[in-house]
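What follows is a pair of forms of the same protein chain, given separately as structure tokens and numbered structure 1 and structure 2.
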Structure 1
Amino acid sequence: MNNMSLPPSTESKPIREIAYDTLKKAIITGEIPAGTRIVETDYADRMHISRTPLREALRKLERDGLVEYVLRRGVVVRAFTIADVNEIYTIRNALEMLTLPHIIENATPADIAELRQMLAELDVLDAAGDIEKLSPAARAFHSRLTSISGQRRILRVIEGQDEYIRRFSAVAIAKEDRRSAAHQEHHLLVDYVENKDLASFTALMEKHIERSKETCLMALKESKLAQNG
């Protein structure tokens, strides 16, 4: 990764914000791996910016827990820990539960039809075991379902947590025993929304997203044990 030219912005964002967004995405996706030193002069040159906006972006990344200042090493990209993943899922799941009554209230026949179409595409991917496409498609289904709530502020915070979840959700969805059960639950969730059955929708969604969290944590723990073994 020799060059990190900042993408053009149509929102006239400050340079520090564009630098922050660019570095955050690179860290979350693993393009900049955990343990990497971010040397200000080096990255300022790569991104064609001065050190001041870069330093401000790094401070914000430190508040996010994505980098840390290490004595005699400088700024270093932090590895995600099991505790980090647990906290991220806990925050996201709690917020998602707040949207459920609004989803039931706002869902239209057109929304249901769109969700059914997404499920039909997921059916094909699930049957084929296409994990690479299934993981983002399942996330897209959940995002579309949650968006029906119209709770813009909550949705923005959920979206912020989803940025982190993208990095390791494929680990969970690859577990075949849980994958098929989770997909069947997707169909049931849409049934409950269509029938305006808030009680059943809430009960199943709570189990669904909690199991997703547990499956991901289990898979990550197994992965870390394998790496250390």
Structure 2
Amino acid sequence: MNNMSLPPSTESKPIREIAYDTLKKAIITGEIPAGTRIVETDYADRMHISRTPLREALRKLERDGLVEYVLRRGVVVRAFTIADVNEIYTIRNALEMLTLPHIIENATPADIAELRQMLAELDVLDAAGDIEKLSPAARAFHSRLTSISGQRRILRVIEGQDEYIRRFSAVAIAKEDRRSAAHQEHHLLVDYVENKDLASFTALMEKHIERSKETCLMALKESKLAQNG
């Protein structure tokens, strides 16, 4: 964490956005552990930026709930429990279920084609065991699927909650023995959408989310064990 250099200046994004993304990633991956106090001058120096954009990034993180602000003491990275994971998945499941009928209803052949295209890419990554790329690709697939529902706010809430557990689900995907089996289910999900089989779609999605939760919880517990030594 000593040298936290920013990605090469994209020049299209404001520095505050890059700082936001960088810090968010570092917090989510655990690179900056919970409880760490983020001293502004310190991190601004590390990133070779001034305090102004850094502070703006911190305000967004604060709004995300990733850091906590204490009056006149700055921000501290927030911790996070098993109950959090349970609640996040409760939210996720409830909202995801709401979108399913809309997905079935709205899905066009073009949507199906695009999903199958994404699945093909997932197939390759899965076969190659490319964990690095697999995790975000799987997330993109789910995101695309849900977006078909047209329920943008719901999608936003789901993704917002998802961010908190990303680091655990990433680990989970990497470890999961049944990863390829789970991946087969992705194909099935698209089939159900294409056939407008809501009942099967719903049942499978619920199972899918439930398993995701279990692996996530396992990853969290392991990380706790690792912390406590």
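The first residue in the sequence of structure 1 is number 1, and each one after it adds one. Take the two forms, find the largest set of C-alpha atoms that superpose within 1.5 Å, and that set is the rigid core. Owing to the predicted nature of the structure, the values given are computational and were not obtained by experimental measurement.
- The chain appears twice here, and it is structure 1 that represents the form predicted alone.
- Figure legend: rigid-body motion between structures 1 and 2; of the candidates 123, 111, 80, 149, the hinge maps to 80.
- Rigid-body analysis of C-alpha superpositions between structures 1 and 2 gives a rotation of the smaller part of 34 degrees.
- For residue 28, the Cα shift between structures 1 and 2 is 3.4 Å when the rigid core is held fixed in the overlay.
- Here the rigid core is superposed, and residue 64 then shows its C-alpha moved by 5.9 angstrom between structures 1 and 2.
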